[in-house]
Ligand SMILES: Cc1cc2nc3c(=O)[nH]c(=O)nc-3n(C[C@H](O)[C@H](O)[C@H](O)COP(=O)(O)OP(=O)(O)OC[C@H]3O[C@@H](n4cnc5c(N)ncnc54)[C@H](O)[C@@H]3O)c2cc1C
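As a starting point, one isolated chain is supplied in structure tokens, in the form predicted alone.
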């Protein structure tokens, strides 16, 4: 085990795309699997609660912060060979998607422009957009089991991917270290065209000028029929609704934005209001896509 030192009282506000959240009592950025193992071993010895995250793009951290150890996964590295890529869990998803295209492969144009998300976080929540899912291209996922302190390799089937879910989301002991993707050769002009199309859609439809965590709720699915959560929230009359300096976006109702100086409690209040009103109005339970920590 490596000798490591935890930072103390680190503000988590700058580590989340919402730009809200209190301090972590202890904080550590793990740049490889050995550092991760050492940090978790030290936390175990100190009997600290541990929270592990990637880019902070799908996270609502309490204003009170976190009383234990927060570990940020910064495990990097991208290797392309033939029709495969091996990628570290801490690699920025958008950066990887760009590299996929530059290496002449297709299938990840949808992920370019997603702010701060990491490959590990995207696998954890089976990220998707425009009808594509990250699980579409996965062959293997290497994880660190913080319960047994052992490395494990999961096949795609063992990952149990469903809509915005995975085995790793259900078992928080499993931390994504690296991922092996299967890739398909693409046409350079078509790749550029797809990237431009998806970026244009994001710019037109998403409130990119304000801090947010992207889609707050999973689009409900029943009998194969998916209903956009934003449509249900708008139908409930909540588009543009403000609590404190947090607002349900007027541009896309499945986004909650920070107008400047918002508190986590304001965002949480809007989440609960949306769930309550949609339940009353449409008889549908909205499930949150974002993690809520410290509440």
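Positions refer to the first chain, counted from 1. Keep in mind that this is a model prediction, so the values were computed, not measured.
What comes next is about the form predicted together with the named molecule, which is not displayed.
Engineer: Tell me which of 79-87, 192-200, 149-157, 119-127 has residues with heavy atoms within 4.5 angstroms of the named molecule in the predicted complex?
Structural biologist: That would be 119-127.
Engineer: Please tell me whether any heavy atom belonging to residue 17 falls inside 4.5 Å of a heavy atom of the named molecule, as the geometry stands in the predicted complex.
Structural biologist: Result yes; residue 17 sits at the interface with the named molecule in the predicted complex.
Engineer: Is there any non-hydrogen atom of residue 114 lying within 4.5 Å of the named molecule in the predicted complex?
Structural biologist: Heavy-atom contact with the named molecule at 4.5 Å: present for residue 114.
Engineer: Could you confirm whether residue 52 comes within 4.5 Å of the named molecule in the predicted complex, counting heavy atoms only?
Structural biologist: Residue 52: yes, in contact with the named molecule in the predicted complex.
Engineer: Any chance residue 247 has a heavy atom within 4.5 Å of the named molecule in the predicted complex?
Structural biologist: Answer no; every heavy atom of residue 247 is more than 4.5 Å from the named molecule in the predicted complex.
Engineer: Using a 4.5 Å cut on heavy atoms, which of 270, 264, 229, 59 is close to the named molecule in the predicted complex?
Structural biologist: It is 59.
Engineer: Could you check which residue among 163, 167, 208, 99 gets a heavy atom within 4.5 Å of the named molecule in the predicted complex?
Structural biologist: None of the others qualify; the residue that does is 208.
Engineer: Using a 4.5 Å cut-off on heavy atoms, which residues of 166-180 contact the named molecule in the predicted complex?
Structural biologist: Read in sequence order, the residues that approach the named molecule (within 4.5 Å, in the predicted complex) are 174, 175, 176.
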